[in-house]
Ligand SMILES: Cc1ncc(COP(=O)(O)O)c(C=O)c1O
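In the block that follows, a single chain appears as C-alpha cells, in the form predicted alone.
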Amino acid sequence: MKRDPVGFLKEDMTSLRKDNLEWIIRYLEGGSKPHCIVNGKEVLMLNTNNYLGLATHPKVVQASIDATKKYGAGAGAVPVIAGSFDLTREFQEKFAKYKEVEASLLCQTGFAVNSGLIPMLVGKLDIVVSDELNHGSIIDGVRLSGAKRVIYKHRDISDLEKQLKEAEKGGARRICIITDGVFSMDGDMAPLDKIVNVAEDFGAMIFVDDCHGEGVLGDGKGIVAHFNLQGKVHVEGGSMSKGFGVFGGTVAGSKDLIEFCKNKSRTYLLSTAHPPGVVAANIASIEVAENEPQHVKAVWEHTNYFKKEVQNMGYDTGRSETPIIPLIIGDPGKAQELARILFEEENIYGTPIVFPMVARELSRIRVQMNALLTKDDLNTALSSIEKVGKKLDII
C-alpha cells in the first residue's frame, strides 16, 4: 500500500479531540481589555498575561503610533546588521536601570531568549540542573545545548543540593541552575533566595526566567527584586509581552553577559529586529510602570480577593502565590466543558489548560488577574464560576 505522507495529521487531531486535549483558538476583535469582543460576542476576559493592563494604556499606544510615523512599520534587518535604532539603545539602557543591573538586551521573544542563549552558556562538557516544572522553552534550550540535564523536584532545595553535589562529583566544566521565577501554570514562585544560597557553595551559574514575575513582583521589577538579590543572579530572562503589555524577550545582567549574548545567541543574531513602534511602546510601558504604581497595587488587590473567594467555593487553586490562579479540575473533559459553558452561556472567557501543558490529571482553567478589572467584574465572574462549577459537580 502506498504510504500517505501526511495522513498522521488528521489522525493525531482526531485522537486529541477524542481525549478532550484540543486547543480551541478564539479571536479578539479589539484590544486586550477586561471587556472585549471575542468571536463576535462581548465577554469578560480572565485569561490574559496583560496583568497591568498596559497593552491598551494611552501612553503606550501613543508611543507606538508616534514611533511608527517617524521610523516606519518594520526594522528592515536583524539587530546586528541594520535593525537596531536609537530607540533600541534607549530601551536597553532604561530597562537595565529599571532592573538594577549593568546592562540589558531586547531579544525577539522570551522563548527565543531561552532557546538561543542557553545553548551558548552551556554545552556537552556542562551540567544543567533544572526544576521539573520549568517552561517548555527552557527544556528546548537545554536540549539544544547538548549539556547533561539533571532534574530536581519542584522547588525542593534539598533535592537541588543533592543534584548539585552529584554534578560537582562528575567534574563538569560549568554547572548551571535554571528555574522559572513564576511558574506559569501554577502561579507559584521559585524560592530564589534559597537557590542563591545553595548555588554559591558550588560556584553554579543561576539562570532565572522571570517572564511572569516582571511587572508583578518586586514592585514590578521582578522576582530578583522581590528577594533583594540584585547582583547575585547571573542571568535574568524576561518578556515585555506579559506584565508590561507589549512584546519582546529580554536579557538582563552584567555587561559581560550582554556582550556575550549579542555575539553568540543565534536566535538574536538571525531574527529580524522588532518594529520601531514596538520598541517605543516597550519604553513607554517601563515609564508607566515606574510612575504609576497603582497598577501593581490593583492587580494584587484583585488577586487576593478572587483567590480567597474561589477557595471558599471549594476550588483547588494549588500552590498559587501570584495573579495566576489555577482552578484545578482534574478531568480534561470537565475542564473543557467548564470553559465552554462559561464562554457560551455566561460570557466569561477562560482558557482550559490540558496536556501537554499540564499533566492530564491536573487539567484546569487558568485565571489571571488584570489591574483594569473592577470589583463588579470580579463578582460577576465569581458568580458564574460558582454556578457552572456546581452544575458540573466540580464543587
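Owing to the predicted nature of the structure, the values given are computational and were not obtained by experimental measurement. Residue positions are given as counts along the sequence shown, with the first one as 1.
The protein also exists as the form predicted together with this ligand; that form is not presented, and the subsequent description refers to it.
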**OP:** Would you point out which of 73 to 81, 95 to 103, 158 to 166, 205 to 213 contains residues with a non-hydrogen atom within 4.5 Å of this ligand in the predicted bound form?
**Re:** 205 to 213
**OP:** Report the residue, out of T109, S145, T88, S265, that has at least one non-hydrogen atom within 4.5 angstroms of this ligand in the predicted bound form.
**Re:** T109
Subject >> Listed residue (G218, G253, G277, G248) with a non-hydrogen atom within 4.5 angstroms of this ligand in the predicted bound form >> reply: G248
Subject >> 4.5 Å heavy atom contact, N114 to this ligand in the predicted bound form >> reply: yes
**OP:** Evaluate S137 for contact with this ligand in the predicted bound form, applying a 4.5 angstroms cut-off between non-hydrogen atoms, and reply yes or no.
**Re:** yes
Subject >> Non-hydrogen atom contact E236 with this ligand in the predicted bound form at 4.5 angstroms >> reply: no
Original post:
So in the predicted bound form, does T317 come within 4.5 Å of this ligand, heavy atom to heavy atom?
Top reply: no
**OP:** Would you give me the residues of 177 to 210 that have any heavy atom within 4.5 Å of this ligand in the predicted bound form, in order from first to last?
**Re:** D180, S184, D209
